[in-house]
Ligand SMILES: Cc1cc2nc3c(=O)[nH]c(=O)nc-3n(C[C@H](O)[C@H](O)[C@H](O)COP(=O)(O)OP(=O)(O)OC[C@H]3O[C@@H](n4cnc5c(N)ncnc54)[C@H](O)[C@@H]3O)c2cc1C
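The form predicted alone is given below as one chain in structure tokens.
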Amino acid sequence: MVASNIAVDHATTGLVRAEVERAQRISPHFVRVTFGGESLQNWRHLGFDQWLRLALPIAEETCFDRLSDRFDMRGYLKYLSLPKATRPVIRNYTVREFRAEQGEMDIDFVVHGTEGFAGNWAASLPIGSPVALLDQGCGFTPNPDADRVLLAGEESALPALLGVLRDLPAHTVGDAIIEVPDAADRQPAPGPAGVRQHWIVRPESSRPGALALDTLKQVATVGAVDPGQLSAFVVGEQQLASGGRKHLVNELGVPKSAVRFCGYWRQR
């Protein structure tokens, strides 16, 4: 993550082992992987945009046993000390759905051609593959004192935005801006009736997140929102996250503490 004010909340359950039970391409740019296993029965489910460190195998010899139960500095240094030949790849992902009774968790992976290790791994539909998960908590929870919410992101933030929409209180009002590269990448997005959903299909010539940022600026203008009564969540490509925060804080006077933002990745 390249820009963030989202804290890490390590769960006491520590490292959770699981394996891939199902995997399917659900749209042109998304693969949904379903994980299962007895250890998932101990998962601390928080909803909203709950995220995790996901350890993925690089080969059959990949070893998960020596990973730390915390991914703080000490845990990260321990990870780096592991032999590269058996050291798993670790990436950050959002829980798309968790079904406690079945002991199952869905994670949606963005797939862009051959780019990225995790996307390629998911696109291979790796049924039976072992993984490890480390709960990191939520980046966003609604401010009960705020009158409105403003959510914005592109496809890398889609699971987070949909999770927040799903779990917002029914009386919530505001706007959710979601940019995707293909109309077929839209997903059902149940949420409060008072939160307007702005789905944007991005042309190939447009920078990821640019249209979402433009829409955020159109929606959040002087007089359109009360700066002291807004709870915002702007995530995804770095320029969208930092640009959205800058507009809300510097241009509209929204308190910094009311804007949760995170650059999941940076467009080169």
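Quick note: we count residues from 1 along the sequence shown, nothing fancier. Keep in mind that this is a model prediction, so the values were computed, not measured.
Form predicted in complex with the ligand: not shown, discussed below.
- Proximity of Y76 to the ligand in the model of the complex: non-hydrogen atoms within 4.5 Å are absent; the residue sits far from the partner.
- G194 falls outside the set of residues with a heavy atom inside 4.5 Å of the ligand in the model of the complex.
- The closest heavy atom approach of G119 to the ligand in the model of the complex falls within 4.5 Å.
- Looking at P159, you'd find a heavy atom of it within 4.5 angstroms of the ligand in the model of the complex.
- For the options S124, Q102, T86, N92, the one in contact with the ligand in the model of the complex, meaning a heavy atom within 4.5 Å, is N92.
- Checked against the ligand in the model of the complex, the residues L133, V110, V149, I177 give one hit for a heavy atom within 4.5 Å, which is V110.
- Shown alone, this chain has one stretch from 111-119, 67-75, 167-175, 185-193 that lies within 4.5 Å of the ligand in the model of the complex by heavy atoms: 111-119.
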